[in-house]
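Quick heads-up: it's one chain on its own, the form predicted alone, in C-alpha cells.
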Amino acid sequence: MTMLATKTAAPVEPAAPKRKSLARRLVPYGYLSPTIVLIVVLMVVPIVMVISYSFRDNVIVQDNSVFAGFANYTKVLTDPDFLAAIKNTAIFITVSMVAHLVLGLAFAMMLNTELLGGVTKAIFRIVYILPWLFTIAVIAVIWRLLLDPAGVINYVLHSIGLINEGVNWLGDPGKALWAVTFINIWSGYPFFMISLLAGLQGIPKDLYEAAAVDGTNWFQRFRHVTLPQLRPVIISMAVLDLIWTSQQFALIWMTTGGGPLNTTEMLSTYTYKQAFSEYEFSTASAAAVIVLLLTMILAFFYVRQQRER
C-alpha cells in the first residue's frame, strides 16, 4: 500500500517552469528599475518634501520646524507681490502664445508656398530658425545689449526720428514687461513655425484642389481647409507653450530679475526670491505647490487632448 501511494503521488509537476515564467515577467521591470529609481529620487521625493515644507514653518534654516497648516498658503495668496506675479505671468503667457501662433503660422505658410524657390526657402528657413538655436543665456545677453539706452535699438529709432533720447526698455516700469515679452516671442516662435510647417506639409493637396474647383478664394481655403486640418497641432502646441511659458525663469532673471518695481515679477521669480533672497522656504514651498497644481491642470488637458487625437 505504501509503495502504491508513493507511485501515485510521484508525478508532481516541478516548480521550475513557474519560476522561469516569473523571472521573465520581472525582466522588463529590471530594465526599468534605474529609470524608476531616478524618477523617485529626483522627482517624487523632492515633490513630497516641498509639499511637507509648505505645511510647516521654520524649515531648513532651523531644526525646530512646527506644523503651520494652511498659514503659508494664506500668506502667499494674500501677498501683493504674488498677486502681481500672477497678473504679470498671465499677460506674459497670453501675449506670447498669441504672437507665437500668429508668427509661427505666417512663417510656416510662407515656407510652404510654391511661390518661393527651393534656395530661397532654405535661406529663410535658416534665418527664421536662428532664435531657436541660441540658449536662454545668450538670448538674454544679446537683447540686454540691444535694448540698452545706448544700444542698437535706440540708435536705429533715434536715427529715423521715432525717439529723441535713449529709452531704458528693461529699466522702465512701463516698458519692461512688454520688452521681456517681446524677447520671449522672438526666441519661441521657431518651435511653432517648425511644428505648423510639418502640419501644413501633411495636408493633402486634393483638399485644396477640390476647394478651388468649388470656386473658393484663398481666405476661404485657409479658413475651411487649412485651419481645421491644423487644429490638433495648434491645440497641442498652445497647451505646451502655455506650460513652458508659465515656467519661464532664466530669461526673466537674466534680463530684469523681476524688476523694476516688480513689473516683470513672475511666479517663477517670486518663488525663487522667497527661497533664496528672503530665506522663507515655507512660503516658497507653498508658492511652488500652487504653481505645481496649475501646471498639473494644464498637463491634464494636454494629455486629454492627445488621447482624443
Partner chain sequence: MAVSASRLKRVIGAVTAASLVAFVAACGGGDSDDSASGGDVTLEFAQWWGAELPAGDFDKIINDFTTANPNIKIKLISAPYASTKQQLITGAASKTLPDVVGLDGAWVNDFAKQGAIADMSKLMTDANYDSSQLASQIQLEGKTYMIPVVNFVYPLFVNKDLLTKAGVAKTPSTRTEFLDAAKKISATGGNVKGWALPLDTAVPNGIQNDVMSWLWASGGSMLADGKPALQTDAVKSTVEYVKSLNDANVIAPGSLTMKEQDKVEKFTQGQVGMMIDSLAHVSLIKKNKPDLKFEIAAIPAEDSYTGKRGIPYASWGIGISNSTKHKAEAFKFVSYLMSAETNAKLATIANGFTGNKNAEPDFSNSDPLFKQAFDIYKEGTPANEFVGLPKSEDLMRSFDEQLQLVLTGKSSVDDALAKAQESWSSVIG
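Small disclaimer: the values here were computed from a predicted structure and weren't measured. Numbering follows the first chain given and starts at 1. What we label the rigid core is the largest C-alpha set whose atoms superpose within 1.5 Å from one form to the other.
Below, we turn to the form predicted in complex with the partner chain, even though it does not appear here.
- For the options S282, T271, Q248, T255, the one in contact with the partner chain in the predicted complex, meaning a heavy atom within 4.5 Å, is T255.
- Residue N168 is the only one of N168, T120, T94, N217 with a heavy atom lying within 4.5 Å of the partner chain in the predicted complex.
- Residue contact with the partner chain in the predicted complex: L115 places no heavy atom within 4.5 Å of it.
- When the partner chain is considered in the predicted complex, I297 lies well away from it, no heavy atom lying within 4.5 Å.
- A residue is said to contact a partner when one of its heavy atoms sits within 4.5 Å of a partner heavy atom; K175 fails this definition for the partner chain in the predicted complex, lying far away.
- Using a 4.5 angstroms threshold between heavy atoms, L292 stays clear of the partner chain in the predicted complex.
- Stretch-level contact analysis of 183-191, 149-157, 96-104, 131-139 against the partner chain in the predicted complex, using heavy atoms and a 4.5 Å limit, identifies 149-157.
- In the predicted complex, the residues of 60-99 lying within 4.5 Å of the partner chain by at least one heavy atom are, in order, I60, V61, D63.
- In the core-superposed comparison between the shown form and the other one, the C-alpha atom of S33 has shifted by at least 2 angstroms.
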